[in-house]
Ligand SMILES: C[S@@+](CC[C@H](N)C(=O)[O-])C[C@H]1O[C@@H](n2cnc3c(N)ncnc32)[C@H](O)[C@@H]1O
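Shown here is one chain on its own, the form predicted alone, set out as structure tokens.
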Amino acid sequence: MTDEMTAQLPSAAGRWREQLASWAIPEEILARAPENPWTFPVELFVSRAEAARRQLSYSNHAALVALPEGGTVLDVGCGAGGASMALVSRARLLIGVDSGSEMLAAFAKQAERAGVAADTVEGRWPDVADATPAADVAVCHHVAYNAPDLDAFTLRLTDHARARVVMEMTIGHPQSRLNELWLRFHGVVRPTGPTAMDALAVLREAGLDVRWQQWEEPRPGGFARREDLTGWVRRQLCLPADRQADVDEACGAWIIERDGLYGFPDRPVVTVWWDGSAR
């Protein structure tokens, strides 16, 4: 391959952006959607935050070993605190960043219940990075696939962590679980990439000395009612309420009940961690 051909190849960051862009919902389908397909149910994230304190994951341990006693934790894309509530045994302060005010309210409530101080910052990362204080450890779970500029996203995480950054993501795009349903209900073939390995390539290209581990264990949390789970799926598929029974039937073989909550089978997850640079 010539130098000229090599120069024309997209960077890892460029390939990441292109692959994420391919997940855009076709305009004609989005225009008919009766509800916003991109909203996330607070109930699901609250259940995960509540369960996180009872069941520490590989990612939680990776953060805990770097967190000093009485340290501070920055949780980016915090939801209700699924990534950070597991760290309250050592933390004195949790800082939650999220674009949703309802999620931040749930985060603050979970911190209060856990007996730890909490601050919140509303907005998208890294847009609000300059308004966010640094912490000893930064955690960011299941947000990477929502970050088209992953290089800039992770570099701002790095300069906001004194000890370590810990990211968690599914091995494949989280929406790929629904690809079969998009074909069934809309006749649309959805993408499959990017993957966690593509994310690692972006981080290394950005100069980060990352370490990673793939693992799989039951992910806590879920929906109290089966119909709430399938209703969320229906909204993601841009379908009206009168298609609820069809979606429920299509999801039937996938749904599992665990600890009284409904969800889908677990998928392989990757934990990625690297040193922070904040002082």
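In this text, residue numbers run from 1 along the sequence as written. Quantities reported herein were computed from a predicted structural model and do not represent experimental measurements.
Absent from the display: the form predicted in complex with this ligand. The rest refers to it.
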Looking in the predicted complex, any heavy atom of Q175 within 4.5 Å of this ligand? no
Is the gap between F223 and this ligand in the predicted complex 4.5 Å or less for some heavy atom pair? no
Against this ligand in the predicted complex, would V143 count as a contact residue? Criterion: heavy atoms within 4.5 Å. yes
Test of understanding: in the predicted complex, would P191 fall inside 4.5 Å of this ligand by heavy atoms? no
Joint contact, R204, Q214 and W273 to this ligand in the predicted complex, by non-hydrogen atom at 4.5 Å: no
Among the candidates A199, M103, V88, L181, the residue which, in the predicted complex, approaches this ligand to within 4.5 Å (heavy atoms): M103
To test your reading of this chain, name the stretch in 134-142, 158-166, 191-199, 204-212 whose heavy atoms come within 4.5 Å of this ligand in the predicted complex. 134-142
Could you list which residues of 111-138 come within 4.5 Å of this ligand in the predicted complex, counting heavy atoms only? G123, R124, W125
